[in-house]
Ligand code: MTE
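Next comes just one chain, in structure tokens: the form predicted alone.
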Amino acid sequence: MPRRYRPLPIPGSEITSENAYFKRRDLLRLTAAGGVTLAATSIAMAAQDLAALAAKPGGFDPGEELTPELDVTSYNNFYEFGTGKADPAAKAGDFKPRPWSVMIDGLVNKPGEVDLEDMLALELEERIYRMRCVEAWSMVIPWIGFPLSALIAKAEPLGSAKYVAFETVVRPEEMPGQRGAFQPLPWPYVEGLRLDEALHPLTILSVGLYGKVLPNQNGAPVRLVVPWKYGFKGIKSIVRITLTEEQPISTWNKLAPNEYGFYANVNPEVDHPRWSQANENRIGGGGFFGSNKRPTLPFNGYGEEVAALYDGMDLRTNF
């Protein structure tokens, strides 16, 4: 099996020429500062490096066909816009992902708000990650983003920090799923990782996919991607990141702890109480109802890279 990442993030200067690399960084700053849509400029330029990265020795090459972009952007869970899979794409048009900032606080030396343009000035890492969701369907998505560790490092974590908590925006005027008599979830949506999980090179904050700015329905303008965990860990439209000593609350773990563990690691040997997780359906290219069925891989196929994080843990209890 090919290695999917280098131990350290791959510098953009290794992927492109030095001249093109610095031009891309300049475009990121200029585009963000001017409030211009990223899709036509910096993100599009960054996406040109995807194929080159996948082909490099030590780069990430999943060896799998990408899920069609239409499926990725039209079949989503994002309850802030509704509980149906088609609701986010249909109802996210009024959401305004810019201007945007993320508060970083808690057990850090340098708490404060980080503007989106400052985050985009961090070196982009173009990677392709497989993402599976708890409904036993999966996708192969070309995310564009940067290591979460780069943002955490800027805040200078204290030695007492053990976990990272995340919080989604609350805007009922723009997010129809957050208003009305029936509320499927308590708001804001919250998630958490252990600090070593958050600092792992495979954990990224995504700002785009398929060479385009991240669509509203996919978590614009910035969302978490942790590819060895089930999809409900991929918190979207993040507004706060808090480092803490105590394990943070996770929305689904709080609502149904017997169904959704805090760790949410893909473990085909632990069934959901209402369905088996031994198999999954790959969305696109074969239909939704079994014609694209395949065995679920432990840690979503990333066991070689992440299993050591859980040495000594009972993965049937800490699921």
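All residue numbers are counted from 1 along the displayed sequence. Here the structure is a predicted model, which is why all the values come from computation and not from measurement.
The next section is about a form of this same protein that is not shown, the form predicted together with the named molecule.
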Answer key, the named molecule contact in the predicted bound form at 4.5 Å (heavy atoms) among S138, S206, T203, Q217: the residue is Q217
Just one of I235, I144, L120, I104 has a heavy atom within 4.5 angstroms of the named molecule in the predicted bound form, so which one?
-> I235
So in the predicted bound form, does any heavy atom of Y189 sit within 4.5 Å of the named molecule?
-> yes
Examine F95 and determine whether its closest non-hydrogen atom to the named molecule in the predicted bound form is within 4.5 angstroms.
-> no
Quick one: does P157 come within 4.5 Å of the named molecule in the predicted bound form, counting heavy atoms only?
-> no
Contact between Y79 and the named molecule in the predicted bound form at 4.5 Å, heavy atoms?
-> yes
Where does the named molecule sit in the predicted bound form: which of 195-203, 149-157, 70-78, 106-114, heavy atoms within 4.5 Å?
-> 70-78
Is it the case that T168, R223 and G231 all touch the named molecule in the predicted bound form, with a non-hydrogen atom of each within 4.5 angstroms?
-> yes
